[in-house]
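Below, in structure tokens: the form predicted alone, a single chain.
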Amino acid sequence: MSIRKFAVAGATGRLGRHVVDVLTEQGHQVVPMSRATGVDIITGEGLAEALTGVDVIIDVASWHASDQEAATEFFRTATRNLHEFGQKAGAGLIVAVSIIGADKATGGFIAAQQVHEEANLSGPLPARILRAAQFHEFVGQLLDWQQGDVAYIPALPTQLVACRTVAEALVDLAVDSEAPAQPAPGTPIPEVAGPRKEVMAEAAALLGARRGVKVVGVDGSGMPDAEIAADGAFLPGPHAKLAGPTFQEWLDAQP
């Protein structure tokens, strides 16, 4: 495996930290890009300098809230800047993370990923997309949002996956010299998910027990696309890569 130079957008985030770790462990040069490192992919501040000499850009930057309009604008602007500045810097590829079921979503944050994917695949640089299931780490965020002793969590099917597992799959896709630069028409977009189907409320109850929070499962009414989620729209397809740990195994390994 040849050593190359990678830039990671969103490098200090929940997923980005793991991507930086995996690349570093493999001996690659890594340029971490986030506002904390002086790079703003929305305004473009510091972006040209950061991308100098970079071979591949890995984009795991994300919007911090669920509002569809704001998330859509974030992904549209960030992707345009990464492509334009990346092309000028001589980068040869962008690899971006998306969400399983993004193509089926009709509202909310997941629907905003449609714009993210389309902007990447229509940009000037070759792009590869990896769709991931919801992260193990997302369960804690759901509890945090409710800020109380009782949390009402949708009892919807999911196939939770560890951020570290997603990072490994992203890096595999980024370094694969045999993979096509762009997906061929009709070819499924690669997916990565956890090893088994779970229920979000049940996973949250496991974490809630540790935090002293009672979790009550609800039907998801009022959530974007709750009905299609209940039918499995956001579960991995038959071509997905499935990899552990399970949520329980991951939780047991936490300090």
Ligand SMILES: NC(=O)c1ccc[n+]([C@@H]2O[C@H](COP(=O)([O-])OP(=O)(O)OC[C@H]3O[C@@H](n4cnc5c(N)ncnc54)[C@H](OP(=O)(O)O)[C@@H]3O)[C@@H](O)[C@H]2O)c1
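Numbering starts at 1 and runs along the sequence shown. Quick caveat, the model's predicted, so the values are computed rather than measured.
The same protein also exists as the form predicted in complex with the ligand; that form is not shown, yet it is the one meant from here on.
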{"item": "Distance check, residue 216 to the ligand in the predicted complex, heavy atom within 4.5 Å", "value": "no"}
{"item": "Any non-hydrogen atom of residue 12 within 4.5 angstroms of the ligand in the predicted complex", "value": "yes"}
{"item": "Distance check, residue 34 to the ligand in the predicted complex, heavy atom within 4.5 Å", "value": "yes"}
{"item": "Non-hydrogen atom contact residue 209 with the ligand in the predicted complex at 4.5 angstroms", "value": "no"}
{"item": "Candidate from 50, 193, 61, 229 lying within 4.5 Å of the ligand in the predicted complex - any heavy atom", "value": "61"}
{"item": "Proximity to the ligand in the predicted complex, single hit among 171, 133, 93, 156 (heavy atom within 4.5 Å)", "value": "133"}
{"item": "Which of 201-209, 34-42, 50-58, 217-225 lines the interface with the ligand in the predicted complex (heavy atom within 4.5 Å)", "value": "34-42"}
{"item": "Residues of 87-103 having any heavy atom within 4.5 Å of the ligand in the predicted complex, listed in sequence order", "value": "97, 98, 99"}
